[in-house]
Every structure is written in C-alpha cells, then in structure tokens.
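Form predicted on its own, single chain, as structure tokens, below.
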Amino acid sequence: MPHLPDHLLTGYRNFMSGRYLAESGRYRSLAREGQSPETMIVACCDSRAAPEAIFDAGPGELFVLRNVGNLVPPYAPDDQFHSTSAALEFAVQSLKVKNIVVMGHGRCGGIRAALDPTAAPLSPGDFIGKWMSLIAPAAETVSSSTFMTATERQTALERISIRYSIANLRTFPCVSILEGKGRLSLHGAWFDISTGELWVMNKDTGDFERPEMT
C-alpha cells in the first residue's frame, strides 16, 4: 500500500516541476521571512470552492480558514476548543491582516443540512447538525417561506449565513476595535460553482451584487 494515494503523488510531482519551479524564489523567501498576507478568507470545506483557485492567489497571499458552511461562531472565551476562533485570533493579532472575507458558495451541503431539520445525523455526535445550529434562527425563517422554491431558499440562506458570520466577527473585541479604527475591513462574497460567478456583498445594504469586471 502506498503511503499516499497515487493521484496526490502525481499532483505533487507536477507541482514541483511546474509551480514550485517557477516560484521557488518566493517559497524560499516565505520560508525565511515568514508569511504576511493582507487578507484572511473564511470559506467552506467544499472541494469545489477553493479560495486560492477562485482568486488566483500565489503562495503567501491568502490566510485561508475553511470549515463546514464558512461559519464564524460568536466570541466565546471559555475552556472549549475553538478552531475557527483560534485561526481568527492568529490572523488578526499576529499576522495583522487588513481584510477578512467570508465567502459562501452555491449548492452548499452544510446549508442544505441546516434547511432540513428532518435529516438524520451522519453520526451519533451529529457534529454537522450542532455546528450548523449557529444559523438555526435564519434557517427556520427561510425554510418556512412558501413563496420561494427549494433552490431559492438554499441560495437565500447561503447569503444570509454570510451576514450572520460577519455579525459574529464583530463580537470579537480584536475585530471590532480594529474595524472601528479603520485598520480592518470585513467583506462578504458568494461564489456560484456552476457558472463561476462571484457576488460581493454591498456593505451598506447587505445585498449581493456582481462586481464590475473591466
């Protein structure tokens, strides 16, 4: 049995002879000097919506946090394990990022689970169900709407959840203080896997709009 799947080893060989060879100087510089990305992306684990690919980012350009449903929990300084909060703390306090982007996407499985309260847990721990309960109030409101189709409800909650996460970001003192001083900006975005369209949240209205592409 190989220690890694063959397709991963093939991809690594291609990386070494392609991108790494072309950017070896940058990789060595990053190893020597450390990372200093200006932007943190909070994205979903979904394999179809990789921020580095969508934004054509090179090594060291983005600090990426991925979890189910691209959610940010509210600030909770207790003795529990907080992976998302730990990554946020490091990005803001140590790396001193200037931007945080919460990026959702179409056809999100986590959002679909949140809209289906009758779905059976995938395991006795029901980790996904508990995690997605962060947006339970919005999910209940959206799922009760009879004026929208199932697809419309899914898209609506995908975008509403982004606004939820941005609101939760502001419960972290390190975020709210720096945003108030103009040293940190919060953004929302939504990516359509099928068409490749990127929609950006209007900070004033909360609406999602297509950015002008010149």
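Numbering starts at 1 and runs along the sequence shown. It should be emphasised that the depicted structure is a prediction, and the values quoted were computed from it without experimental measurement.
In what follows, reference is made to the form predicted in complex with another copy of the chain, a form of this protein that is not presented.
Peer 1: Would D116 sit within 4.5 Å of another copy of the chain in the model of the complex, counting heavy atoms only?
Peer 2: Answer no; every heavy atom of D116 is more than 4.5 Å from another copy of the chain in the model of the complex.
Peer 1: Can you check whether Q35 is within 4.5 Å of another copy of the chain in the model of the complex, heavy atom basis?
Peer 2: Yes - in the model of the complex, heavy atoms of Q35 and another copy of the chain come within 4.5 Å of each other.
Peer 1: How about V72: is it within 4.5 Å of another copy of the chain in the model of the complex, going by heavy atoms?
Peer 2: It does not: once another copy of the chain is placed as it appears in the model of the complex, V72 has no heavy atom within 4.5 Å of it.
Peer 1: Should V64 be classed as touching another copy of the chain in the model of the complex when contacts are defined as heavy atoms within 4.5 Å?
Peer 2: Output for V64 is yes: heavy atoms within 4.5 Å of another copy of the chain.
Peer 1: Can you list, in sequence order, the residues from 81-109 that come within 4.5 Å of another copy of the chain in the model of the complex, counting heavy atoms only?
Peer 2: F81, H82, S83, T84, S85, A86, A87, E89, F90, Q93, S94, N99, V101, R107, G109, in sequence order.
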